[in-house]
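Only one chain is given next, in structure tokens, and it is the form predicted alone.
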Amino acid sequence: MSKLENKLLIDVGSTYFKLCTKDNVQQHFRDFNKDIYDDLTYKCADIIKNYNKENIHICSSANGGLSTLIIGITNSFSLKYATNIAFNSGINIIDTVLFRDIEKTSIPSDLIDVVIVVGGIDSVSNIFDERLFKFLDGLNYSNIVYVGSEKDSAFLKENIQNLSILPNIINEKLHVEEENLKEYLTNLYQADIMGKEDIKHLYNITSNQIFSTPYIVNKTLPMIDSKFKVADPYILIDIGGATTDIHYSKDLVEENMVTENEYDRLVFKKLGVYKSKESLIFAAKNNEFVYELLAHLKVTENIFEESSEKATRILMQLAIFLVLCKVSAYRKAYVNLKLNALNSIVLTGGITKVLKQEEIEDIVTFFYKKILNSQHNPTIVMDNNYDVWTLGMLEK
């Protein structure tokens, strides 16, 4: 814990504040009727006053993160690579659009924080045309970045206002080059925080950059065995109030892509147990095995109408089951993981304060038997003291 000497780490989540000092980790339920800064400084003033601004480090997922729409040429390369980089930068993806289908694609009505346009290697030209500009004219977005073929850069720059141009994320060997786009998205997240009334006041107590929490967690994964007995390959599940994230070893994916990072992230925006509770229940009711799971847990669907500690525990168990379903071969998705090769499941976030290890093991066993028809039983590892987050904050 020596690295924590004189430092205060703060995580601002959608439901809780977490504070970590060299002595302990504590969490406080947020008051949603108050500004985040006012709420934090009211509840934790006695701790915060002991630290200089340069020794306070903050990450946040409370502002909801940035949203992106990605326009690319192929599912196998441009869309896949940009999606991967966006997820690992802590960005939420609204939609992806194949350029050849752009004329029949519905234009989202939501405000998009950043549009990513990508496609082709640098030796290819004339990839995009007027159809792209027409689509963008109908789109409501704040930022747009091009990370495709260098030969098309000038043409797109002439026709798209305020277009940022970065080096191509696809090199001549068709490998992904992620660093420039990742840095751009991370800085955009920073700028987004600076502009949000709720978050920017946090700079009154820190002189350090505020990072997105998923970005911090992803940074931790290569070092996780310094804190836990984790056998590769593994997944890390972070169930929060608004979203559920899965970080996974690339060994678990059939079609791997060559990057420096050994771990990728998926985010399920509508699977949270507080802010996204209703959409989690909706997803549960549409899963054909959930009623069997509820019977296994000795409750009925009436539990969905309750607001109790027991109901929260059931929702967390459902969230584990649903995310495992979503990344298994049971559902065709952006990524299907080889769950029968999985050796460990690490649980972090608020779930470790609510569920007991045996309750999680029970759900995982149910999933493997019912969905995968397997007796496989990966080890469950609980991050009870938020070490995953602490480690990432200290090493970023």
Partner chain sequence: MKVVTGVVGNDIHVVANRLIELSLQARGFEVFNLGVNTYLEEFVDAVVETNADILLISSLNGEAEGWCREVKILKAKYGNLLDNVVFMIGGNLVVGTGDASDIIPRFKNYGFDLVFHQIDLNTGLDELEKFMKERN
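Numbering follows the first chain given and starts at 1. All values reported here derive from a predicted model rather than from experimental measurement.
Unshown form predicted in complex with the partner chain; subsequent notes refer to it.
Residue heavy atoms within 4.5 Å of the partner chain in the predicted bound form occur in exactly one stretch of 321 to 329, 157 to 165, 303 to 311, 114 to 122, and that stretch is 114 to 122. Note on contacts: among E172, E103, D110, E183, the single residue with a heavy atom within 4.5 Å of the partner chain in the predicted bound form is E172.
Contact annotation: of the candidates Y146, Y215, F77, Y248, the single residue with a non-hydrogen atom within 4.5 angstroms of the partner chain in the predicted bound form is F77. Within 4.5 Å of any heavy atom of the partner chain in the predicted bound form lies no heavy atom of L132. At the 4.5 Å threshold, heavy atoms of L266 stay clear of the partner chain in the predicted bound form, well away from it. At the 4.5 Å threshold, heavy atoms of I199 stay clear of the partner chain in the predicted bound form, well away from it.
With a 4.5 Å cutoff on heavy atoms, I73 counts as touching the partner chain in the predicted bound form.
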